[in-house]
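Just the one chain here, laid out as structure tokens, in the form predicted on its own.
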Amino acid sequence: MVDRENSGLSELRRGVLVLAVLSRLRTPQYGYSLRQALAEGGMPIEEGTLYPLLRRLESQGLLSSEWNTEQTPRRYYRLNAEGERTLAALTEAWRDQVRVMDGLLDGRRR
């Protein structure tokens, strides 16, 4: 039997994960620091989800990355100009959806 509550939460989280990740990459982060920042913000993410997502966002031209080998070698990710534009557009779309959902959940008509 499917746990409907957890299934719905998983789908909802998947839908906002890109926005959450982009929001934390306004400053350079490496994978572990990004995971910590997301968890501290209430959005924990598994490594097996995060790293493929980072690679996909980079291949889509939204992120830049570079290796820092001064201490422990780490790959740092950050938004590039296209990522900044995408973050702004997704943020606006998110806020519009929140307004719509607030109206629906409160029983108001738009």
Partner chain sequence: MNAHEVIDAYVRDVARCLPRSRREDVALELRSLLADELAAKTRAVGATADPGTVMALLRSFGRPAEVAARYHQRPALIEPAYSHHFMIWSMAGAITASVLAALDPTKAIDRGEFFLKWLGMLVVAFALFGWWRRHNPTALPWKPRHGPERMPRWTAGLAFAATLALPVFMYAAPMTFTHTASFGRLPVAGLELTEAFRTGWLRATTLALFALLALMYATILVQGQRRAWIGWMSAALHGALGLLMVAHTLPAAGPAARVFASAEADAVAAPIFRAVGALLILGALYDVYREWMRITPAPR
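These figures come from a predicted structure and were not determined experimentally. Positions refer to the first chain, counted from 1.
The same protein also exists as the form predicted in complex with its partner chain; that form is not shown, yet it is the one meant from here on.
Peer 1: Taking Gly15, Arg24 and Glu40 as a possible spot, do all three reach its partner chain in the predicted complex with a heavy atom inside 4.5 Å?
Peer 2: No, none of the three is in contact.
Peer 1: Though only this chain appears here, would Arg85 touch its partner chain in the predicted complex if you measure heavy atom gaps against 4.5 Å?
Peer 2: Heavy-atom contact with its partner chain at 4.5 Å: absent for Arg85.
Peer 1: Using 4.5 Å between non-hydrogen atoms, is Arg75 touching its partner chain in the predicted complex?
Peer 2: Arg75: yes, in contact with its partner chain in the predicted complex.
Peer 1: Check Gln60 for me: does it contact its partner chain in the predicted complex (non-hydrogen atoms, 4.5 angstroms)?
Peer 2: No, Gln60 sits far enough from its partner chain in the predicted complex that none of its heavy atoms falls within 4.5 Å.
Peer 1: Please determine whether Glu70 contacts its partner chain in the predicted complex, using a 4.5 Å cut-off between heavy atoms.
Peer 2: No, Glu70 sits far enough from its partner chain in the predicted complex that none of its heavy atoms falls within 4.5 Å.
Peer 1: Taking its partner chain as it sits in the predicted complex, which residues of 35-55 have a non-hydrogen atom within 4.5 Å of it? Please list them.
Peer 2: Result: Arg35, Glu47, Gly48, Thr49, Tyr51, Pro52, Arg55.
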